Every structure is written in structure tokens, then in C-alpha cells.
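The chain below stands alone and is given in C-alpha cells; this is the form predicted on its own.
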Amino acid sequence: MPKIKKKGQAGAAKNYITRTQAVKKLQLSLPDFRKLCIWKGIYPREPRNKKKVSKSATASTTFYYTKDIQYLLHEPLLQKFRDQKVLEKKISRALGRGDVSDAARFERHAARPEATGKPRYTLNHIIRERYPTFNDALRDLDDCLSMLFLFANLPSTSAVPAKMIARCERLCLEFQHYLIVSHSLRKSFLSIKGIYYQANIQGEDILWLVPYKFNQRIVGDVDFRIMGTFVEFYMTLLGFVNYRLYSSIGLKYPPKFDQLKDENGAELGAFSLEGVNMATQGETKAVTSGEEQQQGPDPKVQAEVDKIIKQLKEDESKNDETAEEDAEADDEEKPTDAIDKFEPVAPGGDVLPQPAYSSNDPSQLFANFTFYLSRETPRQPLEFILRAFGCKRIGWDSVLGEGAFTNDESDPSITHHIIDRPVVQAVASEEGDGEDNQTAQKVGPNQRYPGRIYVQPQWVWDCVNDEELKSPELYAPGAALPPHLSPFVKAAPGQYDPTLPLEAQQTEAEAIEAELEDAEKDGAEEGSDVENDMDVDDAEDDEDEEEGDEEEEEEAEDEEMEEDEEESKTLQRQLELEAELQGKKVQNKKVDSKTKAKLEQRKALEKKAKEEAEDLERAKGMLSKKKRKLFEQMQYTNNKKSAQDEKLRAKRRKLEKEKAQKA
């Protein structure tokens, strides 16, 4: 007799477990269970059939894999949570007995973070479990950075303590310092949500979002307990990543932090990096009792060193003569620094793009400039981007905080002034000599300093994304800025691309329609001019007017005889109706040869499109019902995209015409 299987002990019912059963099995509270699942990366699962999985009459909504819950039984944090639960029970019992001293003693020895600054537990082992390699941690860094930058800009409340905000801000600034030193930042984009940044670290592209520096309002419908659990995990992760990144470039971690400068708003300037590979680190000097020790070399030792150097130079001169003879024989075998060229094997083959030396280093894009940031510009993102691309001299007003290269707006070393105000006025010197003596000039408020380039903040972002210095005339104060396009979106073939000229992407039918509209407008303007001339000649004899009417009627009859000029008939009829309503004379509309050719092209295109549509309908009849529906859905999507692209092109065509008329 086969063994009888009991319900719920095999199959899908055994593979899944409800949340209530999991909490009971782990002997945890529901908040602690949520924390543990978030940190360990265990999430609810959706079974195929909930009725087979559910072991009770009531329908359960949240299920987990049984193996995942079994895996949590061996977690060391379980004991930490249980110890905390035991401690809370001891404190509550002591307070119930009225023994306040015992309750205070229990709380004093609880090693709480608020009292000692040491956490009750650490997540280091979880980081090592979830990310076996460093590249795994880099791939999961997008959400980590977005969350930490968000919390770094929040105000402190009961749900978001100030210590958490300060820790997030410090970790983010340390990460930004690594990007500045390693020149890993690649692109940035200003959006409605905030500022997007993209960096390439050890071959991994990392994209994160930083909110603008506005006053954030904490709303009550956001569960900050769940978000705080993620932030606690992400702070540990970013600490690990920062340590590894700083060590990879030879810097000490954590960097020195000046609390006083940070309180004065220095932010990036509050950190001082130390390490062997730090380019800005100067030579250290030994200091004793506040005075520098100045020790010179021993004269006897220096004389012996000079003799040895003289002997070495004589030996090198002898070796150079023999080396030249050997070098002439080996010139052909020596490798060169020339780049290989990829040439097609057969004539008519594919021509590959040839490699070339990069003449400009994008990481040193702003290295030769000195910037000054006006008070109305966003200082934090501008400082970060400029430093990440080589700029070492950035000044701003003292009200924006410490850490500036200069707080003097009239400093003659400033080459670029980033401003976001109305048009500023240039003022010459009082003497009127015309010389560009910047130090001797007296410039009032909202006026320019000669010899300095004034640009709007978007110039920095567009230069970074295009990896070249853009023309500052396009970004002058008060000028209409060019469109700021996302560098992360690549236009697909056939879609609207704002960077390409309109003629290169519009269809033939759109080009013909645009030319016909222009021709109609020109004809209407000529007609209005003729009507104005007719108003002047109203004093002529009635006989001349009758003769003119007879001639126009004869010309109209001749045009009606032609069968190929249907479009000209409609235009003529429209003009006649307008003339009758206005009580004016009828003007004949003459269609030139170019317009006739365009009309014929439009007719040919319409005929061709109609034939293609008929062929497509016949081909669809050969498909099965399922494939035909799928094809119709694809066709609907493509037509929708084409209509959107056509609308964008029409809008751009209209703007270009208006701009041409103004010019």
C-alpha cells in the first residue's frame, strides 16, 4: 500500500510560507522581520495558485520561499534582536514595579547609539554576503547614491534624525571627492526631478539623482521607517565602497574632516585628502618647537658625490658611442608609437573608423580657467562638476560659504563669470583711455568687468556632455539658451532628433507641403499689394473697369478649359468668393511652374501611398487572426510615434520661420 500524502506537506504548499508563519518561526516582531528581510535581500513571492499554497481558510496575501526563511534562522542578527527584546521587557517590568533606578541602570548599560555612539549591531557581514566581489557592489550603487543624496538634503525630524542626515551628507561628499580626484564623472543632466550624474568606475556606469537644494517639506504619508532601514543598509554599503575606492588610488580613508569649516558651509572644502598619489599634496616639513629645521648637506660628503657623478658621466659618453652603432642596425626592428590603420582586405569592403590620438583630455576641460559663481547660481553642483573636470580655482561670494579660491568679485585672474541674472552692462574706465586695466576700473552693481567671459550655468553642463567647450555667445546673460538635451537618450533611426537639421529628417511629403504653404502665403501677400494699388486707381473711368472685367472673364474661361489645373481652379474660386464678399475686383491667381511641379509630386506621393496601403491590406488577409492582431498593434504603435514626430517637426518648422522673419 503506497504511503498516504498529507495535505500541505508536499508540492507548492511546502515551497511557500506565509508572513505570519515566518514571523512565528523566527520569533520576531513584524518591524524586525521587515528589517531583516530588507537587509538580507529577501522579498515576497507570488505563487501561481494561491489556493493550493494557502493552508488556512482565510486568503493570505504575502508569501515567502520556505528556503529563504530557513536561511534566516542562522542569521547572527536574530540574537541581537532577541537581546534587545529581553532588555525592553526588563525595563518595562522595572518601571511597572516603580523601580526607576533599575530601569535607568538597564538603559544605561544597553549600549544605545544615543548614549555611547556605538551601534547595537553592524551590517558588515551582510555586505560581504550580498556582494562577493567589488563589481557586484558597484552595480547596486545607483539606488544607494540616490537614496543617500536624498536624505542628505532632508530636514531633521523625529522620523529622520540629524545624525543620520549628517552621516549621509559626509558619505556623499567623500564619494564626490573620489570622483574629483579620479576624474570619473562623465555626464550630467538638469531635469525637473533633480540633477542626474553618470560616472564610470572600473568599467561600470553608475547613474544617480541628486535633488535640488530646496526647502524640503516632510509629508505624513511616507513611511520613513522603511526608508530608514534602506538608508541604514546603504550607509554601510557606501562606507565599504568609499574605503575600497580611496585605497585603489592611494588615499587614506576616512579623509580628515574639519567640523568648523563644515558648519560654515564649506562642504567639499571641509575635507583634506592625504595620500601618496595626491597631486595637490605638498612636501611635508619637519617642525620642532614651532621652528623649521634647516639642515644643509655635509661638504665632505657632497665632494665625494660630485666625483662619483663625474665618473658616471664619462662612462655614459663612452657607452653612447657604442649604443649609436647598435641602434642604427636595430632601427627597423624597434616598435613605434604609430597607431595601426584598419584597411579593407578587398576593394569595396567596409571602411572601419580609424583610431586617432585624442588631442583634448575631457577630464581637464576647465583646467586653465578661473571661475566665479554669482550668488544666484547653484554653487554645490557647479563646484562639483568644475572640480571633476580639472578646475582648481573657483571663487564665490562669502555668503555662499567657505572654501572659495577668492571671495573678491573684481579679482583680475577670473576668466569666466557664471551668472543667472538679466543682461549686465559693460562700463568703461572713468579716465576713458580704453585700456583693459581691470584693477583700475570701478564697476557698479549689475555691470560687467571687461576681459571676462559671462555665461549662464547651462554652459557648464553642455560643455561636459559634449566634451568640448561650447561657444559662450550662445549662453550669454539674457540670451535664449539652446535646448538642454539628455545625454542618456540616444535617438533611434527614424525618430525625431533635435540635433539634426530639419531637412535631414523630414519626409518628402512634409517638405512638399511646407513649400506649398510658403507659396500660398507669398501669393496672398502679392494679392494684397495689388488690391492696395487698385484702391488708388478707383477714380478711373467706368469704361476701363468694364473692359478689365471682360478680359478677366475671358482669361478665367480659358483656364477652365484646361483639365490638368484642378488645383488652380480651386484657388481661383476661393479668390472669387473672397472678392465678392469684400466688394472688390476679382484677381486671377497665376500658378507658376514650380508650384505646378510640387502639386504633381504631391499627387504622385498620394497615389503611391494609396497603392501601398492597398497592397498591405491584401497581405494582411493572408495572415492568421492572431498574427494579424499582433501586426495591427505594431502598426498602431508605429503610426502613433510617427504622428508625434511629425508634430514635433511641424512645431520646429514654425519656430524656425518665425525666427527667420524676425531676423
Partner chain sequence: MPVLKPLSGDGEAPKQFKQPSRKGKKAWRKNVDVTEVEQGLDELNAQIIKGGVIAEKKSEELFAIDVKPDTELTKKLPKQLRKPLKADEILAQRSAVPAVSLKKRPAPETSGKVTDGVLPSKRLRATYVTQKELSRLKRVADGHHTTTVEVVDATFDAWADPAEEKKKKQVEETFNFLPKAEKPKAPKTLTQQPISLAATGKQLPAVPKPKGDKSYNPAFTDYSERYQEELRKAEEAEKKRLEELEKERLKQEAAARSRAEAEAAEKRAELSEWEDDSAWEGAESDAEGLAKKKRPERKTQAQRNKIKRRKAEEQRLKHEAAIKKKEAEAARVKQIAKELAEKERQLALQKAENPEEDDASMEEDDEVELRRRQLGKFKLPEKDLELVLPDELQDSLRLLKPEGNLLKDRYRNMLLRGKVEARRHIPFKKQAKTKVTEKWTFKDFTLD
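Rigid core (definition): largest C-alpha set, two forms, superposition within 1.5 Å. Predicted model only: the values in this text are computed from it and were never measured. Positions refer to the first chain, counted from 1.
The same protein also exists as the form predicted in complex with its partner chain; that form is not shown, yet it is the one meant from here on.
This chain is drawn without its partner chain; in the model of the complex, the residue among 186, 416, 167, 393 with a heavy atom within 4.5 Å of it is 167.
Interface residue among 458, 507, 200, 407, judged by heavy atoms within 4.5 Å of its partner chain in the model of the complex: 458. In the model of the complex, its partner chain stays beyond 4.5 Å of every heavy atom belonging to residue 361. Contact check for residue 244: a heavy atom falls within 4.5 Å of its partner chain in the model of the complex.
Within 4.5 Å of any heavy atom of its partner chain in the model of the complex lies no heavy atom of residue 517. None of the heavy atoms of residue 180 is located within 4.5 Å of its partner chain in the model of the complex. Only one of 84-92, 396-404, 363-371, 259-267 places residue heavy atoms within 4.5 angstroms of its partner chain in the model of the complex, namely 84-92.
Residues 134, 137, 142, 143, 146, 147, 150, 151, 154 are the members of 134-158 with a non-hydrogen atom no more than 4.5 angstroms from its partner chain in the model of the complex. Remark: with the core as the superposition reference, the CA shift of residue 23 between the shown form and the other one stays below 2 Å.
Here residue 67 does not count as shifted, since its C-alpha moves by less than 2 Å between the shown form and the other one after the core is aligned. Taking 2 Å as the criterion, residue 636 counts as shifted between the shown form and the other one: its C-alpha moves by at least this amount when the rigid core is aligned.
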